[in-house]
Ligand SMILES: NC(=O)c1ccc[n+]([C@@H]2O[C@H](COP(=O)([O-])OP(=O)(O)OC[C@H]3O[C@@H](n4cnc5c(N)ncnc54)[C@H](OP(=O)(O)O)[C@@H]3O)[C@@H](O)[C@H]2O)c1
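Only one chain comes next, encoded as structure tokens, the form predicted on its own.
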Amino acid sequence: MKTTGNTILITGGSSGIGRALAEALHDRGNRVIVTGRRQALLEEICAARPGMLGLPLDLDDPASLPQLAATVRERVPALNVLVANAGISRQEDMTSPGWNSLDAEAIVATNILGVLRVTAAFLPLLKQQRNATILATSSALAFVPRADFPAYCASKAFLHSWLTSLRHQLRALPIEVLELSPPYVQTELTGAQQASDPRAMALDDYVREVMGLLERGDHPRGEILLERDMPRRWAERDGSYDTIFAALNPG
């Protein structure tokens, strides 16, 4: 993926990694469209970055995605990069007497079905471009899960497998398929406390490293992974899965 001169749509671009990527890519001379549920926040983000476009998208509303796709086809038909970044995470305790599947179903709807539906909506447009990219946000937890976030980790494992198949199916087309697999980063994905957790990687540092990997084309197999996350990526191959799982899930 080239890092300048693109027209880029980022779902979940109003906060966290999505917003930081949107700002970094805009600052490198790309036309960036960010989507989210909160119109006021989209306007605030775009006011700080003149030329950035904010469009509403609520993946829980069946009419929202078709409306967005129609607007993009009309206003920015040169779209050549889709960043499917919208995602949610919730802790689950399946030993609790009151546990049910509602949180897991919400995670599947956003993290899995949301990515599939967004890709389906924009793939026809991407196929018309000379060079296009689909980038979806997975997680380093796709490879070794945290057991207290079971549906979240499983949703990212699904994306890892699905993106591998998508990459293979699109191999004859000028569409690159990339998987972004962040570590634990200072965002509000799991709540406000994560944004200041000293154990988490600073958001600016993470996006800086990601942009460096993109600029160098340093993403073998289409996977954008930091060096620190390689032990998790190859845990099963290296025979270290049980050790890493135990470290992530003490007790």
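From a predicted model like this one, the values you see are computed outputs, not experimental measurements. Note that residue numbering begins at 1 and tracks the sequence as displayed.
Note that the form predicted together with the named molecule isn't included here; everything after this is about it.
In terms of contact with the named molecule in the predicted bound form, the residue from Val76, Ala157, Leu116, Ile88 that brings a heavy atom within 4.5 Å is Ile88. This chain is drawn without the named molecule; in the predicted bound form, the residue among Asp58, Glu209, Asp197, Glu215 with a heavy atom within 4.5 Å of it is Asp58. Exactly one of the stretches 93 to 101, 148 to 156, 161 to 169, 124 to 132 approaches the named molecule in the predicted bound form with heavy atoms within 4.5 Å, and it is 148 to 156. Taking the partner from elsewhere, every residue among Arg38, Val185 and Glu188 has a non-hydrogen atom within 4.5 angstroms of the named molecule in the predicted bound form. Heavy atoms of Leu25 never reach within 4.5 Å of the named molecule in the predicted bound form, leaving it off the interface.
Remark: Ser15 counts among the residues lining the named molecule in the predicted bound form, judged by a heavy atom distance of 4.5 Å or less. By the criterion of a heavy atom within 4.5 Å, Thr110 is counted among the residues contacting the named molecule in the predicted bound form. Residues of 218 to 247 that come within 4.5 Å of the named molecule in the predicted bound form, judged by any heavy atom, do not exist; none qualify.
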